[in-house]
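Take a look at this single chain in structure tokens; it is the form predicted alone.
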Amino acid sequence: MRNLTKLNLLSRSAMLSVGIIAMGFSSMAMAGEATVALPASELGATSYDPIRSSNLNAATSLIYDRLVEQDADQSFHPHLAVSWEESADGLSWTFKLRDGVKFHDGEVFNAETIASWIPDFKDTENAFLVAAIEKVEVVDPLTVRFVMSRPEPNLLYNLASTFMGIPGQKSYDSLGEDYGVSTAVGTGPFKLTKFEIGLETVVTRNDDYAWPSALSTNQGAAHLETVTFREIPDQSTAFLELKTGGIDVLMGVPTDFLPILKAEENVGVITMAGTGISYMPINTTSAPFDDIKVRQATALAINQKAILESVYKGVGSQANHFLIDTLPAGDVNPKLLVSFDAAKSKALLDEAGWAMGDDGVRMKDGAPLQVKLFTKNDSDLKRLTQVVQAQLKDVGIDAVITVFDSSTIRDEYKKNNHQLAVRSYDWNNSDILEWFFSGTRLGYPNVSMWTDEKSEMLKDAAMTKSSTSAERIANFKAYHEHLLSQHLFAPLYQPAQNIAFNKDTVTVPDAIRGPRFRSQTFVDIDVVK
């Protein structure tokens, strides 16, 4: 796998495309059923417990409803909460709840549900979502008040998160740590009927569902009777499955295949704004990356423009910091943006004592600059990793690639066995900075293994000391700029979301309401009659 050039990669992609063009579609969708391939970024979920899990997928949103839903324009809309009001000082939020809602097991959804649910987040990785809620007051059966320990301008975003899908309390309490594996009970449009970790999830229609949000055109039970979500690590294989009728919807279409799909009359292609970036974390505790000059040199070796054009055919955009471009906290000092500069990269390595060797690999004290480069076993990330490897080699860094599955690579991070990695995230909020760089999350998800006093101070200000949205933006911008100054990662690419579907088997709404392809869209999907 080492030393594979960009030309080799593009040639391989072209050969695969020629083979695919010769194939035709076959319609295998059965009445009322649809099969969906999850995107690479959503593979590896080990549970459908939204409270305790750190990795969830699109099926989660079909099982659970949320109090609030977010639209594609970042606005918030009622769902299980029909209205809300924030006090002038930000220290209380009052929510009116929807009447007539029941969980899959028949349990009634009401204010007591919320009062029991919020405390369950305590001491979990997701506790930050409700950390500002001091207590929940039940005003009446359909009204709750959150009494806040501090203002939380991000509360509606948190409530719209998939991680704040509301589980049935009876089932959640009775199953304990086993909840979400064999059983997951929500109020959503579908019920969990099968979950094989790493393979597939099957959900069946909740026939009693009568409370979709306004983001769905269909205001009753879903049209589909069954949805099967399959985990196919190799995106080329998933693409072939769409072509041959093995799946009806492909979430996360590799950009190499977009031109082929768009040329097919019976394929619909949807491109949505991205909600994350691909990046290369740098383990600051592992030599030689404990030297800030080497970290900076490594980041400057990455040619984001070449990655966008050669790997992704211009679909998406360059990434030059850690946040998606639509977030105001990404508007940082231009001097801190991470952009390709091979000459500066080489000069920094020279300054750090790494001299170029005759074989093109730098040396210091008789040892070569050979480092570990980890990635996951999906085709898109592997292809990107190979290009990153070639770009690092251009400045004298010999990166040896190792490919892991989703769960194994997380274990490697936690054991601190890594140096560099190629990763991606999917989150359209500035608090992703806390998730990946907090000193309380070393190993995973803080793969950079970074912690320092100033970072923790700026993180706390951003996360807990912002009284208004404007303060929150300013505080996250300061936190973001400090992290950029420490050269903890190299931004690689800001992807678009590409979804393809077989128009011979399913119908999909023209407008996708929401930042992601989730339950509000699945309620509207139907099979072709």
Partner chain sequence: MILKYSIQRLLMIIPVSLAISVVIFLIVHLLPGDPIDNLIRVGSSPEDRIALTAKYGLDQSLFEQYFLWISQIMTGDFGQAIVLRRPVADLIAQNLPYSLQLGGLAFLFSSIVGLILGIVAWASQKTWGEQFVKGFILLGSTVPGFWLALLMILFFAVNLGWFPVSGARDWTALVLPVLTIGFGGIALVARVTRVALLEVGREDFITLLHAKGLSRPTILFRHLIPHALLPVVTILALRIGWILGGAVTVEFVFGRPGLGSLLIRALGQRDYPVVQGSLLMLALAVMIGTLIGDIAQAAMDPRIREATK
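Residue numbers count along the first chain shown, from 1. C-alpha atoms forming the largest set that superposes within 1.5 Å between two forms make up the rigid core. Since this is a predicted model, take the numbers as computed values, not measurements.
Beyond what is shown, the protein has a form predicted in complex with the partner chain; the following relates to that form.
Q: Contact check in the predicted bound form: 76, 215 and 497 versus the partner chain, with a cutoff of 4.5 Å between any heavy atoms. Do all three pass?
A: Zero of three within 4.5 Å in the predicted bound form.
Q: Which residue, 109, 163, 117, 413, is the contact with the partner chain in the predicted bound form, using a 4.5 Å heavy atom cutoff?
A: By the 4.5 Å heavy-atom cutoff, the listed residue in contact is 163.
Q: Looking at 211, 322, 128, 146 here, can you tell me which has any non-hydrogen atom within 4.5 angstroms of the partner chain in the predicted bound form?
A: By the 4.5 Å criterion, the partner-contacting residue is 128.
Q: Give a yes/no on whether residue 195 approaches the partner chain to within 4.5 Å in the predicted bound form, heavy atoms considered.
A: Yes, residue 195 lies within 4.5 Å of the partner chain in the predicted bound form.
Q: Answer yes if any heavy atom of residue 86 is within 4.5 Å of a heavy atom of the partner chain in the predicted bound form; otherwise answer no.
A: No, residue 86 stays farther than 4.5 Å from the partner chain in the predicted bound form.
Q: Can you check whether residue 491 is within 4.5 Å of the partner chain in the predicted bound form, heavy atom basis?
A: Residue 491: no, not in contact with the partner chain in the predicted bound form.
Q: With the cut-off set at 4.5 Å between non-hydrogen atoms, does residue 441 touch the partner chain in the predicted bound form?
A: Residue-level check for residue 441: yes, a contact with the partner chain.
Q: Can you say which of 357-365, 331-339, 227-235, 90-98 gets within 4.5 Å of the partner chain in the predicted bound form, counting heavy atoms only?
A: Comparing against the partner chain in the predicted bound form, the contact stretch is 227-235.
Q: Going through 50-77, which residues have a heavy atom within 4.5 Å of the partner chain in the predicted bound form? Please give them in sequence order.
A: Result: 52, 53, 54.
Q: Does residue 411 move its CA by 2 angstroms or more between the shown form and the other one when the core is aligned?
A: After core superposition, the displacement of the residue 411 C-alpha between the shown form and the other one reaches the 2 Å mark, so yes.
Q: Look at residue 82 and decide if its Cα position differs by 2 Å or more between the shown form and the other one after superposing on the rigid core.
A: No.
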